[in-house]
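A lone chain, given as structure tokens: the form predicted alone.
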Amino acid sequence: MIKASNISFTLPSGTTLINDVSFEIAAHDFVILLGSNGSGKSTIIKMLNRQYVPTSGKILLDNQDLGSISHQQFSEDVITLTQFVRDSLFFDLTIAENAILIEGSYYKNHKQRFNKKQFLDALKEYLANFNTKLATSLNTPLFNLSGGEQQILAFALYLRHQPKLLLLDEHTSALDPKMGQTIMNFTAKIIHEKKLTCIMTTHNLDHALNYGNRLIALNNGQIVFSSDTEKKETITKEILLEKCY
């Protein structure tokens, strides 16, 4: 599904954040991208979601140059969720209002009639599959939800229409350890059930070892470990610490 060939990214100041990195990702892969702060993992996410344009190299999505995909198509194909839920949802609006905005935009892009009442009638049942409190609190503003509930809501609303690629950029970092673990278990469950293709960045060694079917570790903008060449089962925390930190 994704082929990144010799991609690099250098800031105008001359600092290179990613240096000649190549990788391929197949459909339904759940890839963990591990690295310390400044390792380059978030830069790769930003190149994949077109916030950054590679200084050199090329990224293909389904054999199509990433930069040539129309904005409308790309917005449906690639969904990015981060620790900053405010980037994805409006905290002053209610659950129902956020849902209407996101779903209405999808219908508008497809030039289809959006029946708001019919959608709201179905929304409760849909959200109940993710979190029962969300399903019974449609008129609650998002700022009254916990951080974990906000993350679950973002998952539910943005994955209603399945994207080709889900990018998760340290989406549990702002949560306490217990809630972070809950959201990680929820994340793995949703990715498995929906057969999503996902790339998730983290600096958490336990998450890197316990989730995903593939692991790629970065240090100083380069790949220092890949489970494509070494079995993930053989890697330990000590080895990852030595390679990444």
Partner chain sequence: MLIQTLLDALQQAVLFIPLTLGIYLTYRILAITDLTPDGTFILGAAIFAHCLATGHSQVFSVIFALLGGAVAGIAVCLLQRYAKINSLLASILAVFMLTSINFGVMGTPNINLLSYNTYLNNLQSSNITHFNIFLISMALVLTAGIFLLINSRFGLRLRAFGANKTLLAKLGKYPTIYLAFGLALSNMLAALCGVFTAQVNGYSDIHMGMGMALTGIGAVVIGCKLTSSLFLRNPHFSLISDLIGCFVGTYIYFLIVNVFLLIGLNPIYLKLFLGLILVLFLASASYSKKNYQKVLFHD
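Keep in mind it's a predicted model, so treat the numbers as computed, not measured. Residue numbers count along the first chain shown, from 1.
A second form of this protein, the form predicted in complex with its partner chain, is not displayed here; the remarks below concern that form.
- Though its partner chain is absent from this view, in the model of the complex it lies within 4.5 Å of a heavy atom of just one residue from Q162, T132, Q118, N144, which is N144.
- Contact with its partner chain, judged by heavy atoms within 4.5 Å in the model of the complex, is confined among 181 to 189, 199 to 207, 66 to 74, 214 to 222 to 66 to 74.
- L89 belongs to the set of residues with a heavy atom inside 4.5 Å of its partner chain in the model of the complex.
- Although the partner is absent here, A122 lies well away from its partner chain in the model of the complex, with no heavy atom inside 4.5 Å.
- Interface membership of Y126, defined by any non-hydrogen atom within 4.5 Å of its partner chain in the model of the complex, is ruled out.
- In the model of the complex, its partner chain stays beyond 4.5 Å of every heavy atom belonging to T172.
- Each of T80, E97 and I102 comes within 4.5 Å of its partner chain in the model of the complex, counting any heavy atom.
- Of the residues in 16 to 47, none comes within 4.5 Å of its partner chain in the model of the complex through any heavy atom.
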